[in-house]
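Below, in structure tokens: the form predicted on its own, a single chain.
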């Protein structure tokens, strides 16, 4: 650069580079070039995150609100969307909520049933209503089969096919489904439903399963996280204080589960924990229990807790170890030399320095536990199932919208806990390595 000694009164705009360009413009251009270079460097990672994380979550959120099966039918042969139930939708649009179905409503229903039979869409429409009102699919399939025989007066003719068409709950289910965007699946996932008038009410007590599964998921995940913390703390402390040759050997034992398939580890616990398994046989051989008193440790919550603790324990040990190995032993010795007891030195000096590793391990293990599926499915039985197993169940039944709604609620529940952790402890205090 030239003009390093500008005359008095001249600003930075008067300074120029060696080739005569204004210094301010040259700096701005250099900064822009550096930003573009940095963006190009992170572009592959950004594309990867968008394709594998952001876009799938966006699709899940959209799917939880979107279900057009009552509005249109996807024709596989032609690849087009065929409108369905148009006449019933028109009647709903012309008549407010709470209007009792009249002859015009049944005439619209009869015409739509004939149309469903022609395009063979009665199954998909019935399935869509069945999500909101269980047992409705057979009503649509059986009525569409004989819809061509219907003649005026349509109300009597339709009710002659099946008296369930007089049930206000059926018409309310169709009204709430008469749109591509609906919040019905979130209502169902929160153990609510719509009554005959369209008001949102709690489901019957015996039918409330989703909120209970959410509570069980978070309770078991918290319990597993606590057990992992209690077990991992002394192991990590031992790793951090042993000589390097011995700590490396112990670290190999900690990492060994990562080299074994998750499915193999889980099925191994089935062999160990079953009533005729290794653990019960050992207890019987030691005389601790009788042959008739074998413990039930599989297909229940005990199996889920034991197997998931084994799988997730390394995720707690490693963050703790990464923090503990940086703590100088001289700190504790100094505290003891000043009169502190061993417990006081541990509690006032050593433990606070391990909090970043504890926070990272607790958050990591808890979030992993909340979303676990394979282990509870294999060893949990009915009592050890988590909310992820219910999501998988609805996906296997092709109820994508309800599965997406439950998954979205789980996602936001975890985000709320993450936010609370940040507010109470501070995410900046996490230390993974």
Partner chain sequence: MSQAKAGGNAAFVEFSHVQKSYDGVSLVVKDLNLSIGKGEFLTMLGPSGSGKTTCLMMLAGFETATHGEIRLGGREINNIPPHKRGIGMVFQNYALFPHMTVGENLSFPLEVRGMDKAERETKVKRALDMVQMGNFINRRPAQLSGGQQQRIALARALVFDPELVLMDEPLGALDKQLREHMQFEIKGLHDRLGITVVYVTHDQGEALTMSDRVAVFNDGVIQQLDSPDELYERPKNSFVAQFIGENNKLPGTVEELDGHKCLVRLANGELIDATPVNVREKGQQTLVSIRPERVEFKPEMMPKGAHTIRAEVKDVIYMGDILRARLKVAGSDNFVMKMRNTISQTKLAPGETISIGWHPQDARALDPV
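Positions refer to the first chain, counted from 1. Please read all numbers here as calculations on a predicted model, not as lab measurements.
The form predicted in complex with the partner chain is left out here; the points below concern that form.
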property	result
Contact segment among 150-158, 271-279, 248-256, 326-334, judged by heavy atoms lying within 4.5 Å of the partner chain in the predicted bound form	326-334
Option touching the partner chain, based on a heavy atom within 4.5 Å in the predicted bound form, out of 352, 290, 135, 96	352
Selected contact from 295, 340, 169, 178, since only one has a non-hydrogen atom within 4.5 angstroms of the partner chain in the predicted bound form	340
The partner chain contact in the predicted bound form: residue 348, any heavy atom under 4.5 Å	yes
Proximity of residue 344 to the partner chain in the predicted bound form, heavy atoms at 4.5 Å	yes
